[in-house]
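Given as structure tokens, the chain that follows is alone and in the form predicted alone.
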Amino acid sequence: MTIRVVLGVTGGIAAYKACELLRRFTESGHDVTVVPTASALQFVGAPTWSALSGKPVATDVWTDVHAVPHVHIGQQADVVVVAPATADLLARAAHGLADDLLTNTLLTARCPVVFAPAMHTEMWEHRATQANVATLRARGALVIEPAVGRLTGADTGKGRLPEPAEIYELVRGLLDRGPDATQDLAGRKVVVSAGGTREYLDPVRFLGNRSSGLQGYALARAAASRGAHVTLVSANVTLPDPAGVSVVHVETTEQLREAVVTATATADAVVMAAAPADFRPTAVSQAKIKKADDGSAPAIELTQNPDILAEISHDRTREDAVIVGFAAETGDATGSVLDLGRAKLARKGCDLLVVNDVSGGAVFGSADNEAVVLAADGAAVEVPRGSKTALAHVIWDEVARRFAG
């Protein structure tokens, strides 16, 4: 399905990154109209935008005035994405100004509107900018949180444009929900854990598992696309940070526990998609363990790690928070995958449990997933095989339903 995308580009140094975002939309078969501001053309010229989009570009309302572009571009769009969005553009959009083609387009658009801010940290944190962002979000726009990293010159901090690939994935997830999708998690603080923890035996060896973090990252992206403030606790994942998400990187189960418990204190929802190691060595060798000449193997004594999901479910900082766990099961002589899942749901004390059948290594590292979402009240939602993003949205649908209830 061809999507009509309006890509607004404003006058920031990150304007060059919008070229990659444009290519991702066009290479996916979408129809893209680029609407730069006059300042944006100081960074990337009109010939570049025309060549990449296959269309002429204009910044003012007087070009091709007979076609009424200041009205029709916004009316015909399926989504408007402004990347980068400067502090100036956010202010003009929040106050309903219409002094160029892009701000006119924003006023006439009745489709989802996404702003990807990029500016220096002080400008982003200024009360005026934060008030403008709050206004835009209150009107239903999705304003992505900027990334933390290198800014113009030698400065580093919050205000960096998220990577174009991640902005594209966020927009795609937004569109996958359909034209009636709402920002139903707007203002909510959510925590997602992803990946698999490592428990070190010595400086080079560890106990771990096969979790890739793909499902957790899909959950984080999906929540961000629905307006949530997302903290992602990532254990040994090599994926790029999702757009609009605050990422905390950890290695061990204890580090994961500390980060999750800290973030959970103010969270409206927590989704534990990570796979913490159940056991850790009682002692860690400070030097690499050497092979014995007689061929014998060293004895490794293990102790059980804390149960993070049970802890945050039973010792809730907020009684109204929604806690979601994951269960990777294979079934055994004691019961089927769902039998084991229901028992785990009762034992852990969470509100929802996403049960995966991982027999034969299914799910790990795959772009697809299928699951059954079990609820503490006995309900069950079967999710057929599909993308991990699709499963993520089903999970957030269930969470949002509990917020509404």
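Don't overthink the numbering: it's just position in the shown sequence, from 1. In this text the structure is predicted, and so the values were computed from the model without any measurement.
Quick note: we don't show the form predicted together with cytidine-5'-triphosphate, though the next part is all about it.
_Partner-facing stretch of 135 to 143, 218 to 226, 300 to 308, 159 to 167, counted where any non-hydrogen atom is within 4.5 angstroms of cytidine-5'-triphosphate in the predicted complex_ = Going by heavy atoms within 4.5 Å, the stretch is 300 to 308.
_Contacting member of Ala243, Leu102, Met272, Val190, with respect to cytidine-5'-triphosphate in the predicted complex [4.5 Å, heavy atom]_ = Exactly one listed residue reaches within 4.5 Å, namely Met272.
*Using a 4.5 Å cut on heavy atoms, which of Val113, Leu214, Val322, Ala277 is close to cytidine-5'-triphosphate in the predicted complex?*
Exactly one residue meets the criterion: Ala277.
*Might Lys344 be said to contact cytidine-5'-triphosphate in the predicted complex, defining contact as any heavy atom within 4.5 Å?*
Contact with cytidine-5'-triphosphate, yes.
*Is the gap between Ala259 and cytidine-5'-triphosphate in the predicted complex 4.5 Å or less for some heavy atom pair?*
No, Ala259 stays farther than 4.5 Å from cytidine-5'-triphosphate in the predicted complex.
*Indicate whether Ala77 is a 4.5 Å heavy atom neighbour of cytidine-5'-triphosphate in the predicted complex.*
Ala77 lies outside the contact set for cytidine-5'-triphosphate.
*Give a yes/no on whether Leu175 approaches cytidine-5'-triphosphate to within 4.5 Å in the predicted complex, heavy atoms considered.*
So Leu175 does not count as contacting cytidine-5'-triphosphate.
_Sequence-ordered residues of 322 to 336 touching cytidine-5'-triphosphate in the predicted complex, heavy atom within 4.5 Å_ = Heavy-atom contacts to cytidine-5'-triphosphate in the predicted complex: Gly325, Phe326, Ala327, Ala328, Glu329.
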